[in-house]
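Here we start with a single chain on its own, the form predicted alone, put down as structure tokens.
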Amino acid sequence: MSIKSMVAYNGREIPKEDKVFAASGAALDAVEKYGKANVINATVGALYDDEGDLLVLKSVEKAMKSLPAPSFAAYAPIAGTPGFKDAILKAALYGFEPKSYTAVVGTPGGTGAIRNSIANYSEPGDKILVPNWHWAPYKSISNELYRDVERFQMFNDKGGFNLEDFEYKVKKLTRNQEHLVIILNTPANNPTGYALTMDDWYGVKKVLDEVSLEKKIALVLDVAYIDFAGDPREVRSFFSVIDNLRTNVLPIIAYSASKTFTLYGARCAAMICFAHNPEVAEEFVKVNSFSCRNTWSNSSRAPQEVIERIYADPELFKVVEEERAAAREMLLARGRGFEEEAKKVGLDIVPFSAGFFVTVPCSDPDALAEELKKKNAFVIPLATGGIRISVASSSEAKCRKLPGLIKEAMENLGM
């Protein structure tokens, strides 16, 4: 008898292929065959320029190339170098001065921050609360850690944040769990581009204020796209709300330097807590450093050194800010362009504010994605009932062309 499997699946559902990377691979094959100008590759979760090349801030690239060998070859401390932790806190808060006690632990990408938050602030068997429109790895990370997800409906019938269902699910889960991890990806939600308003945040605060103090809640804010979502200070206005929550709620910011500094492959991020007392802040560093050590050991030193240098050099910092602002305006123009053309052709989209992605709801995402391939337009089909379009990887001209192609494809399929 031949053994055909050696893996202990432990209840996990592992797909044959990752849909994002499969679609991206197909797009790259089409580019090779037909040329960049003739292909719309709206699959990539990274910022590309109008010529279809990865956009890397020149100032950051220069700083990276100037590093001496010890600055990229030596191990970094488990929680990050001291200079990096100071700099990343400044980058994440952008002038906001919390009353809470803050603490920082470096992670390899925002994924690491999400992983540690679930591992250390929930228990095996718990459910993690996420919106129905969410980044798929929230569930797979939870499953890897013997948790699952509970979804609340992100939007109500008026297209606003569904506070009622959020409240219902918080109450439902806290009846049976001592710990509850809530993940909110805002502003510029992946995959929709939606951002909670200040009124939404006051509503979230009210819901959490009503949870028994015997329950412990970790409110994880995945702000991966925050620095491309609008004015850097305005998009952080909700920090004043999460800085004023009750003692049984620990806000954790998952901040991706990979996005902000266009260092995707360098895998650099941090998790930052707003604690009510120094003991909780110290515990945050201890337990998350422990998880780092026993999962990936330490994060890459090179991007930490680069970010530290940027914040130590006012001239370099100024150039980085200027370059990022130009990239942000380009991205916002693409999103507005897609919205405008969608409205013209009568294409419904999920409520959108800003960011890397727009989502079009549909009844058969896989069929629609296949139909669009015939036009050399590549998108990501979502299990939640829609297709995700990356405006980050498509020029404004292509973003304006896509809604018509999608509408035509949907009509061809009878959607």
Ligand SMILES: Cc1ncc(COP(=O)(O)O)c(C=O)c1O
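Position 1 is the first residue in the sequence shown; the rest follow in order. Everything numeric here is computed off the predicted structure, so don't read it as measured data.
Absent from the display: the form predicted together with the named molecule. The rest refers to it.
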{"query": "The named molecule in the predicted complex: contacted by all of W135, A224 and R267, heavy atom 4.5 Å", "finding": "yes"}
{"query": "Partner-facing stretch of 296-304, 151-159, 226-234, 105-113, counted where any non-hydrogen atom is within 4.5 angstroms of the named molecule in the predicted complex", "finding": "105-113"}
{"query": "Partner contact for N190 in the predicted complex: the named molecule, 4.5 angstroms, heavy atom", "finding": "yes"}
{"query": "is_contact(K259, the named molecule) in the predicted complex, heavy atom dist at most 4.5 Å", "finding": "yes"}
{"query": "Exercise: N185 in contact with the named molecule in the predicted complex, heavy atom 4.5 Å", "finding": "yes"}
